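Shown here is one chain on its own, the form predicted on its own, set out as structure tokens.
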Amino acid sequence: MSKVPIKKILLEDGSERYPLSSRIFNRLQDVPVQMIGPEKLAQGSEKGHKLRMGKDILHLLAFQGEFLKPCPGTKEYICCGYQILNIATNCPLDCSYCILQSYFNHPNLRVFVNLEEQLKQALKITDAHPEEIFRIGTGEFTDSLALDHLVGWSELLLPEFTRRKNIMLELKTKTNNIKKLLDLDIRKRIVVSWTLNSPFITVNEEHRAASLEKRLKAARRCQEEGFVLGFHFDPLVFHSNWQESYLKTVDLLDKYIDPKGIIWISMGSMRFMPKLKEIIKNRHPRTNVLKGEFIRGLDGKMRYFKPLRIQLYTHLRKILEEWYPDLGLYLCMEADDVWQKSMGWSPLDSSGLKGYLDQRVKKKIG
């Protein structure tokens, strides 16, 4: 990953009082800071450059919503019961298929500087239910590590999570930005995960992300340092010679990673809200991810026809299980019949999938 240079910091009124803002300023002393109020913010949102998305602008603000909330799944498909910790929105990487291109109204790299203040309040939810396992991640609305060298999320979050026995924190990334993570002497109850794809999709669609080899070398380093690993093949995309291409990725996994240290591997296929199609075409006119036969799914998203999704999952499941039979494989946002036909079993519903993954936490983390 080549780190994107930050050209400007936008600071919302009142956000300067948070210690996290001061630490970010110290790391970016030569970057100009612009104070903005609600009117300027609204004006800037309307005029935000849709094609550039402000990936070189760091926007510091206090988030007024809930910091910890369930992953926005749908009742029409089996969901895993994941919890999202809202640390930021938008991402310095530029994957052509990224849903964040249409998910948020505001551009720029928006970092919530009141996280430190609100974290203990958010974790009162988990502390109130010590009998329940909470799988919590920060990689839903941003990359968990891409800005870690500037924001210092690792040093802020890991101490709070490692001492609680009923939670685990998953840091999901497409980078090799692991220095701050390794500098901390904290490993327990932390899962470091990488999103993977075929070499073709990685090179042509995952712009600014680290190469597959760099990701897996970083994963191996984390594994050697005592971290539990996870991997996510999402979105799987049809393209020329896709079977052989995904096999090459599994071969790289075999080269770098000890499979016994993997807690889970998820699989999901290309899906998107209809309005994202035009954004992808405008921002990435040479993309391959919109090729193929799509239909509107039960959740309103465009998806591959069901037989095609089953073909993707079955192929990847078989080559992964040939590599190692106990990887904690699961599908992301799929129906019971797709599970049965591609995986050979089904958790039946969201509660069943949550139970399956909670057991993986008990087995791999304790």
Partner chain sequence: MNKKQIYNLNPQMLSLEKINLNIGPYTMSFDFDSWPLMESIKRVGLINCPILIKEDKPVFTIIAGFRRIQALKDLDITSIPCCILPGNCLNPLDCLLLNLYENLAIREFNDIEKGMILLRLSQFFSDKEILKDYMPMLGLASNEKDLELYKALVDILEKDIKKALVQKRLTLQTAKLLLKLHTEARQAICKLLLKLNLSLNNQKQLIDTLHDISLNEDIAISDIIDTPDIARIYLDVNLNVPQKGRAVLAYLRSRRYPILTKAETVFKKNIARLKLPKGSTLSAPQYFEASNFRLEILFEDGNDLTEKLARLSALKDLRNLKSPIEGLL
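Residue numbers count along the first chain shown, from 1. From a predicted model like this one, the values you see are computed outputs, not experimental measurements.
A second form of this protein, the form predicted in complex with the partner chain, is not displayed here; the remarks below concern that form.
S.K.: Should Gly226 be classed as touching the partner chain in the model of the complex when contacts are defined as heavy atoms within 4.5 Å?
M.R.: Output for Gly226 is no: heavy atoms all beyond 4.5 Å of the partner chain.
S.K.: With the cut-off set at 4.5 Å between non-hydrogen atoms, does Trp323 touch the partner chain in the model of the complex?
M.R.: No, Trp323 is distant from the partner.
S.K.: With the partner left out here, check for me: in the model of the complex, does some heavy atom of Gly297 sit within 4.5 Å of the partner chain?
M.R.: Gly297: yes, in contact with the partner chain in the model of the complex.
S.K.: Determine whether any heavy atom of Pro159 comes within 4.5 Å of a heavy atom of the partner chain in the model of the complex, and answer yes or no.
M.R.: Outside the cut-off, so no.
S.K.: With the partner chain left out here, work out from 176-184, 210-218, 272-280, 257-265 which stretch has heavy atoms within 4.5 Å of it in the model of the complex.
M.R.: Looking at the other structure, the answer is 272-280.
S.K.: Out of Lys69, Lys318, Arg27, Lys306, which one falls within 4.5 Å of the partner chain in the model of the complex, going by heavy atoms?
M.R.: After the contact test, the surviving option is Lys306.
S.K.: Quick check on this chain: which one of Ala122, Ile84, Cys79, Leu290 has a heavy atom within 4.5 Å of the partner chain in the model of the complex?
M.R.: The residue in contact is Leu290.
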